[in-house]
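Take a look at this single chain, the form predicted on its own, given in structure tokens.
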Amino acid sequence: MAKSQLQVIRESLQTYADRGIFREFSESKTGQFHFVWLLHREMNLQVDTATQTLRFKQLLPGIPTGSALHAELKKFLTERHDRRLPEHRRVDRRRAEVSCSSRGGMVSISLKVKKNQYTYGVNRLVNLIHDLFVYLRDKHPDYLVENFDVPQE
């Protein structure tokens, strides 16, 4: 019997928890995952298998729609589909597509999985969010200080 889409996602996320990448991993209700990850913050991943969407809800605070940082974030996400990126850093549009949305200055990052590529989708989204925080640390350390209480170095 084939695994359900949600079971594939659950097992993929559990792999990160088993490796110690995610701490305090839990599923509060079906498709609502919580874990402590980057910058020692709790992150919420919502899974909707009906729309084939994985979403980090309210991942980035303090980024108003139309701001320079919002535009830069959208460009960063679009560039993740660029074929010139190494395959391990790229999101293949044939398998998944990344997007962001903003409400009240809170940015959510979503990945829409195609053709039931959920294992690929979880891997790409986790790598993408990691790369995003590395990018923010490099290009916008003040943003992380102001919004994530990251110590100034």
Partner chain sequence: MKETPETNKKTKADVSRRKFITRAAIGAGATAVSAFSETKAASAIDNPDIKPIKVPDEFALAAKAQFAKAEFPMTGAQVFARVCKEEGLAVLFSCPGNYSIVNAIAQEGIPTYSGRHEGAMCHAADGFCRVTGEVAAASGTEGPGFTDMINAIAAANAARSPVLVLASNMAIVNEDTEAGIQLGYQQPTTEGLKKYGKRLITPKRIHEYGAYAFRQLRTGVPRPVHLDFPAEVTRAKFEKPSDLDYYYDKTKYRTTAKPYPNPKDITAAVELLKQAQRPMIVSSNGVFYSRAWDALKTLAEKAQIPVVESGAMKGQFSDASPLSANAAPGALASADVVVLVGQYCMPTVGEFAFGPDAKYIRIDPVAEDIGRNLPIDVGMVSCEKAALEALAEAMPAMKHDAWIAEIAAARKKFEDELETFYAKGASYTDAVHPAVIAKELSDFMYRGKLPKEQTTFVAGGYGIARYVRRWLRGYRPGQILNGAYQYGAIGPDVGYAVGAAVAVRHGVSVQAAHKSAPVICVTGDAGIGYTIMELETASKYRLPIIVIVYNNNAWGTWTGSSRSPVTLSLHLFQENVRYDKVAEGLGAHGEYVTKPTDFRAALERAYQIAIKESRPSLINCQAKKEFWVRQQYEPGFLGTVEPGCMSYNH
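Not measured: the values here are computed from a predicted model. Numbering follows the first chain given and starts at 1.
Keep in mind that the form predicted together with the partner chain is missing from the display, and what follows is about it.
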* **the partner chain: the contacting residue among Cys100, Leu59, Val126, Val91 in the model of the complex [heavy atom, 4.5 Å]** => Val126
* Structure fact -> Of 105 to 113, 38 to 46, 92 to 100, 25 to 33, the segment with heavy atoms within 4.5 Å of the partner chain in the model of the complex is residues 38 to 46
* Verify the flagged residues Pro64, His70 and Lys75 against the partner chain in the model of the complex: is each one within 4.5 Å by a non-hydrogen atom? => no
* **Non-hydrogen atom contact Tyr143 with the partner chain in the model of the complex at 4.5 angstroms** => no
* **the partner chain contact at Asp131 in the model of the complex, heavy atom, 4.5 Å** => yes
* Partner contacts for 8 to 35, taking the partner chain in the model of the complex and a 4.5 Å heavy atom cut-off -> Tyr16, Arg19, Gly20, Ile21
